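Take a look at this one chain, the form predicted on its own, written out in structure tokens.
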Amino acid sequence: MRITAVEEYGLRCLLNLARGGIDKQMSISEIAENEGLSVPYASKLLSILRKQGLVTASRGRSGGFHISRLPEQITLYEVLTALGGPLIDPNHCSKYSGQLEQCVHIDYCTVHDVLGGLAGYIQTFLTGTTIKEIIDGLPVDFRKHPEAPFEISDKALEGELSTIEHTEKEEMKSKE
């Protein structure tokens, strides 16, 4: 999964609105300035979010944008798929058919199964993470989602960190 600029900046714009709560409106100019974006680009991102029902716009002199639901009711999955589409493109197999019109593995494709499984893991995590959690700065913890089809133990995390530290030390020694 690759996070695009549209997804990154769109999420940041939504977080900016969500920090003010459901009742606070902000103008496109304010949001653009807060996020270091051009007004036209911020407008494009807010238009996408509005079409997907994540933000609401009010016209007029005192108008602006605000989130359409409470931050704890909006998941990261909703935001990222609204801005970037599905995690796995439904036409994935037709894009990678080689020189043929149809993939030779159309009846049974283990690659498609692997990518679908990966998308399931990602979707489970993103669906279990709300905008409120991001605003509150809560640490991301895979273990907090009991429905997730995977588990990462503290010991596994320590082992991963130890491996990274060992590799860094070896690289430093080789440079000396």
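As the structure is a computational prediction, the values presented were derived from the model and not from experiment. Residues carry their position along the shown sequence, with the first being 1.
One more form of this protein should be noted, the form predicted in complex with the DNA, which is absent from this view; the next part is about it.
Not displayed here, the DNA is kept clear of L70 by more than 4.5 Å at the level of heavy atoms in the predicted complex. At a distance threshold of 4.5 angstroms between non-hydrogen atoms, S27 is in contact with the DNA in the predicted complex. Looking at A57, you'd find a heavy atom of it within 4.5 angstroms of the DNA in the predicted complex. At the 4.5 Å threshold, heavy atoms of F125 stay clear of the DNA in the predicted complex, well away from it.
For the stretch 5-21, the set of residues having any non-hydrogen atom within 4.5 angstroms of the DNA in the predicted complex comprises A5, V6, Y9, in sequence order.
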